[in-house]
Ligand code: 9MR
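Have a look below at one chain only, the form predicted on its own, in structure tokens format.
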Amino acid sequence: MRNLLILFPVMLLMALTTSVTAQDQPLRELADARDIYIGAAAQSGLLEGDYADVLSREFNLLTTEWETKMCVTHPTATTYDFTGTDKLVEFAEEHQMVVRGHTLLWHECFPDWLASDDYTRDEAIDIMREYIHTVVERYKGRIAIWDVVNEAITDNGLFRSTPWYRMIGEDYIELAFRFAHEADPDVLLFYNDYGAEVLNRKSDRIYKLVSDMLENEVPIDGVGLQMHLQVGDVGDRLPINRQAVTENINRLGDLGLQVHITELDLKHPGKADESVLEQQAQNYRDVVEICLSAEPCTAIIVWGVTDRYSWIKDFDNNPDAAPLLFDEDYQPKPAYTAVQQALAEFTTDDQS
């Protein structure tokens, strides 16, 4: 009994020290200890002051939020503009961050000069090849991961009628991955989409798409699940089914693919009060725990650094949107603490 009495204060001190240390550690240090990426989407025009400080301190991965899309990098048929991407890549290198390029092909950022669809299949393939080779080769060895194709499947599980689809056909996706691999054989190549986190018609179609690609020996390394979510009740744990997300991640992993949570944010319909922020924190923690519990999940990326610049404000016409980990004054929110605690404390033994 005497030995136990002596040991108890020591154990208590160790526990308190561990807790304090975890609270003082940036997210990237906790993620590094777990050999996982914790990232944020970033914009080159914001890389200064508090924005740059928080981004570099907290995250070990940087996603190019806008500047790497085709309508920006290839604005005319004869010109390229890498100004923003260069700045983001240089910032990431300066701060020892991995860069995730987003995205080579996306129908919502399609250059006007190419939008007429007035090209033959062979001409369109040549344009795609030249474009992908130019961009990927420029950042060979510097951008480690590319979202090659973004949002090519509809909610009904059909191929989206994008300009590439209309000009080339459904094999444009396989061709894009092959061209990216030719340009940089060492880069990791991902297919990325929204609304496919759980087991549903869309995620089933994406599963078939990537399965067929692997069967056809198309170089693909992973699938990105965006996870633009809305805050749910604490009692419901998540606004989506946690078990279904885990099963979906694991079935992709069974194919030999990695899974990244690529565009995570948790919006709410109105002004966030204390209760909403606590619900949001719990939901963030749940998503992190899903990833930590599923071996194929190797990255968690939030879609922005601060509520001040979240895309949700304009998209939902909600100036009070607060979907991210840091508020408009760059102060950590309860959601930040929840992510920090999950990275520091979660074990598979914690799962119910």
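Residues carry their position along the shown sequence, with the first being 1. From a predicted model like this one, the values you see are computed outputs, not experimental measurements.
Just so you know, the form predicted in complex with this ligand exists too; it's not on screen, but the next bit is about it.
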Original post:
Non-hydrogen atoms within 4.5 angstroms of this ligand in the predicted complex: do 69, 106 and 226 all have one?
Top reply: yes
**OP:** Taking 4.5 Å between heavy atoms as the contact cutoff, choose which of 221, 174, 151, 184 touches this ligand in the predicted complex.
**Re:** 151
**OP:** Choose from 284-292, 60-68, 322-330, 45-53 the stretch whose residues reach within 4.5 Å of this ligand in the predicted complex, heavy atoms counted.
**Re:** 60-68
Original post:
residue 197 near this ligand in the predicted complex, any heavy atom under 4.5 Å?
Top reply: no
Original post:
Is residue 102 a contact residue for this ligand in the predicted complex, using a 4.5 Å heavy atom cut-off?
Top reply: yes
Original post:
So which residues in 274-307, when you check this ligand in the predicted complex, have a heavy atom no farther than 4.5 Å from it?
Top reply: 303
